[in-house]
Structure formats: structure tokens, C-alpha cells
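Shown below, as C-alpha cells, is a lone chain in the form predicted on its own; questions about how it binds or moves come after it.
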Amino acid sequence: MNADTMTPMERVTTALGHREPDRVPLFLLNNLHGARESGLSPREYFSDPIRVARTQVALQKRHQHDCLYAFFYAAIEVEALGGEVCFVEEGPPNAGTPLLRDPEDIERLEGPNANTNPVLKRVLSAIAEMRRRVGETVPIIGVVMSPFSLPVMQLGFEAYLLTIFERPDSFWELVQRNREFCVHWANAQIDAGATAICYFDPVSSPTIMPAEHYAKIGGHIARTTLARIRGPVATHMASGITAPIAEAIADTGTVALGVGDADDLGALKACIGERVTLIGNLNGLRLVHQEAGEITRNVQRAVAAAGPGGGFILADNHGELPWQVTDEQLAVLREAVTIHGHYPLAGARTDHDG
């Protein structure tokens, strides 16, 4: 069996440079598994940043995957703004009653200071502790919600769509306020020790918003936001499709793209694979019910489609593995990467082929 010869940091940076590392990098985005590992509810687990850091480091060592995930839960940004968060057992916390009720509320919205806000300070403390424990050997991934997607939790979906198309002045005012907060929050995580930022932007996906709107709305917002973040950024559509806007996403300055399982990895590799590293695209919800053989076949499929030449990181398609995915299933996944993901890939064409 092939042995790993690189650190996770070396492996990931090589792949991001569109070169072949020792094997395909594997990201297990297992923030919820930390709570399960600790025997705690998500509310209890995420209340202690040192416990979060310690558990994430332990899980990374157990599964030998290639990042530490500093993501707590999507609604934490709404919580930091004073909004409600609904915690559930064995699942991700969600935003509660919308924080904003009318256009006047938008004018009063002010993003918190991440370095003093008690909610966001927990994340920064976890990042700093992760960095203290692993040094520069493992990438640490921070997370922000895009200024275009965060309002779904601030306003509610229906009210937000009405704001986009019927109250454009209010929409752009909200985007501007959220953009300032997003840039500040991303840079605070970089300063705390995050290696890179995941920019979640599911509302930009053609799964939700018609592709023809991306250039003037989601893509424009991404370009003007990512340019101000002091570190590499990966864009993620949280299971949404990307193919119709893939080339425009590549123009935003992102270094990587989280790909949904409905997208064709091979087609995306041919389209933007020389410009952007692809991350994905295993279906985490289906993984819950999969036996070892199916898990292995899906790893083989993804590696064969996007692995040649580097520029690929294997991960789930949503950016958050379900609580119900077992350690045994993750062990099968990791073993499949060990067997099928080492370079040179079996059957892959090389520069010496005729």
C-alpha cells in the first residue's frame, strides 16, 4: 500500500498549484462530528472553543485527512448580529425568526467587531488553538457567508427575494453592509490563524438564482468582496449546481470551487480545471446509507474524473458532513483514497503517453 509522504499542508498547496501531490487531498468537513465525538449536544459543544479545537485536531489525526475545519454553524453570523439560533439534536443549528423585518431595519444594521463580539470570538479562539496545536502542518479552513447569501437568514427566503427584485435600493444597501462585515470577519479569521476562507454562496447557484443574474449580482458581489480578503478563498455553493456559471466564478478571484454532486466533475475539470481547484463532490446525505463498495466506487469515480494533473480535493458536496455518517464509513472513504488516490493515478494519461 502506498504511504503518504507529504504533510497535509504540502499536499493541499501542491494540489492548489495544479500539480500532483503524493495523493489526492481529502477534506472531511466534520464540524458536527466533534459534538458527537464529545458526547455533547451541538449547543454544548460549540460553546467551548478550546474543546472544538482539541476535538477537530483529534479527528484529523484519527482519519488522516487534510484540513481542520473552523466552521461552527451557518447561523453563527446571524447570532452575532443579535438574531435567534435554533439548536437541534444531531444536526446543524439553524437561524430562527428573521432578524430584519422592514427596510428601516437594514439601515440600522451594523456588523459586529469579530475581535470583541462574544459569539465570533469563540471561533477566533478555536482557530488560534488549532494553529497552536498543528503549526503549519495542516491547513485551517475558516468560513464566511457571502453578502449575497447571508440575507436569507436575516430576512427569510421569501422576503429576501422580494427585496432583490422589488426594492433594489434596499437590496444593495444590505449587500454593502454585509460586504463590510464579511471582509472584516474573513480577515479576522485569517489573522487568528486560518489558512484560507470558504465563501459560502448558495444563493448564487443556478439551483436558486437564474444563471443570467450571476454576472451582475452574485458574481459582482463576489469579485468586490474576495479582492479585499487577505488570504486565499474557496467559493462553495453548498450542493448547488455550478456548471452554468463556472467560468464566471473562476473570474471572481477564487482559488477553488466546491462542486455539487449534480455537476459533472470531468466536464468542469475540462472547462475551468486549469484555473480553479475543484473540491467535491461526494453526496454526504447519500453517504449515510452507503455500504463500503458504493463508497469506494464513488471515490474512484471522482478521482478519475478530476484527479489527473492535480487541482482536485476530494470532499463532500455540501460543506458539512451529516452527523449520521459513521466513523466506519469515513474509514472506508479514507482507505479508498489511499488505494485509488495516490499519484500516478492508475490509468491516468501522462505527458509521456503518445
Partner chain sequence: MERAQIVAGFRDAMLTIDRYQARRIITEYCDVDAPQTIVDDVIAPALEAIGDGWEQGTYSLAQVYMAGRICEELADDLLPPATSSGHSGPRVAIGVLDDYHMLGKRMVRAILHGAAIDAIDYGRCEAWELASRAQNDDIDILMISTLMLPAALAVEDVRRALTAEGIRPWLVVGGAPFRLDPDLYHRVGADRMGTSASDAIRIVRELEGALPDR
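Numbering follows the first chain given and starts at 1. A quick note: this is a predicted structure, and the numbers were derived from the prediction, not measured.
The same protein also has a form predicted in complex with the partner chain, omitted here; what follows describes it.
Checked against the partner chain in the model of the complex, the candidates Glu104, Glu166, Glu110, Glu274 yield a single residue with a heavy atom inside 4.5 Å, and that residue is Glu166.
Of the candidates Gln176, Asn117, Asn283, Thr224, Asn283 is the one whose heavy atoms come within 4.5 Å of the partner chain in the model of the complex; the others do not. Though the partner is left out of this view, Glu90 does reach within 4.5 Å of the partner chain in the model of the complex, counting heavy atoms only. Of the heavy atoms in Gln324, some are within 4.5 Å of the partner chain in the model of the complex. Interface residue remark: Ser239 is counted as part of the site for the partner chain in the model of the complex, having a heavy atom within 4.5 Å. Among heavy atoms of Lys61, none comes within 4.5 Å of the partner chain in the model of the complex. Residues Gly96, Phe157 and Met209 are all found to lie within 4.5 Å of the partner chain in the model of the complex, as judged by heavy atom distances. Listed stretches are 128 to 136, 209 to 217, 249 to 257, 181 to 189; the contact stretch with the partner chain in the model of the complex is 209 to 217, by a heavy atom cutoff of 4.5 Å. No residues of 244 to 259 lie near the partner chain in the model of the complex, the criterion being any heavy atom within 4.5 Å.
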